[in-house]
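To begin, one chain is listed below as structure tokens, in the form predicted on its own.
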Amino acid sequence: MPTTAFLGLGAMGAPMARRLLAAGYPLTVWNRTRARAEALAADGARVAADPADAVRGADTVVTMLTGPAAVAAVADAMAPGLRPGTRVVEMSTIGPAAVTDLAARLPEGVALVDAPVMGSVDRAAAGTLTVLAGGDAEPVAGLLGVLGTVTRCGPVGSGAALKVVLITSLIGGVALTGAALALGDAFGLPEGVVRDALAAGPLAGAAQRAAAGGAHYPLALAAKDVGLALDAADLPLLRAVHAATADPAAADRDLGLLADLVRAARPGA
């Protein structure tokens, strides 16, 4: 098993790291809040003092962080511990521009694979994520396979780009589900009838996600991800979805609430 470092143990990173430990990977972990890393020590992980300590001697480094700024900061902090031949697997949602920036920050001889995931906390724990891999993912195919099903997207950056496309379509679909429910209200249709029809129609996946109880994808992260899309293409529909996700009072609430927010925003609702 390749020696592996895992940096970033938030809601998604912690269950992913546990999957690797359960599969037998020798794992060193680091998190900005040390208590999150120490929670994995009982499962056999070594807790590192800092990012450079975490990656020193590692064959593979996995990063699962909140966004582009966090990835850039951790990349600079871990760079002194990286050695030629190490593979960095960047699994955060940061967009292709930030992946290009990350590649420039890594020392010479360190390979980069961008492999963001689709799926929330429940699927991370079950190992059923969809992994969108850009770059030469073959050397880390075994590790990625422990986390879910791997889709090869193309060169470095293509996984990050496809993740932005897919996550934006999901967020937009949840918002559209809320709009459809609001339209049903305007027509006086029973809510159950509308929800059942949506669940059987082209918005089935979005309607299901709007009602998901075991997932947790905070609206603050959804707003960040739609912002990545707007950086690439300033589309009016994306601006409206971004505005709907940007309620600071609901920042920590799950994406499913977005449907309720859109529904409640109808005049007279």
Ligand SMILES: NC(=O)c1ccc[n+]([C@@H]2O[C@H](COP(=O)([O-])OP(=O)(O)OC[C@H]3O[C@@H](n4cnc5c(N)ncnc54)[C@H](OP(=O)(O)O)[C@@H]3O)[C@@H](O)[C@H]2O)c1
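Because the structure is predicted, anything quoted here is derived from the model rather than measured. All residue numbers are counted from 1 along the displayed sequence.
Omitted here: the form predicted in complex with the named molecule. The next part is about that form.
Looking at the named molecule in the model of the complex, residues Asn31, Val121 and Lys163 each place a heavy atom within 4.5 Å of it. Just one listed stretch, out of 52-60, 235-243, 33-41, 197-205, contacts the named molecule in the model of the complex at the 4.5 Å heavy atom level, and that stretch is 33-41.
At a distance threshold of 4.5 angstroms between non-hydrogen atoms, Gly13 is in contact with the named molecule in the model of the complex. In the model of the complex, His216 approaches the named molecule with a heavy atom inside 4.5 Å. When the named molecule is considered in the model of the complex, Ser92 lines it closely, a heavy atom lying within 4.5 Å. The named molecule in the model of the complex is not approached by Ala210, whose heavy atoms all lie more than 4.5 angstroms from it. Proximity to the named molecule in the model of the complex, defined as a heavy atom within 4.5 Å, holds among Ala137, Leu176, Ala182, Val74 only for Val74. Taking a 4.5 Å heavy atom cutoff to the named molecule in the model of the complex, the contact residue among Ala48, Leu27, Leu221, Ala229 is Leu221.
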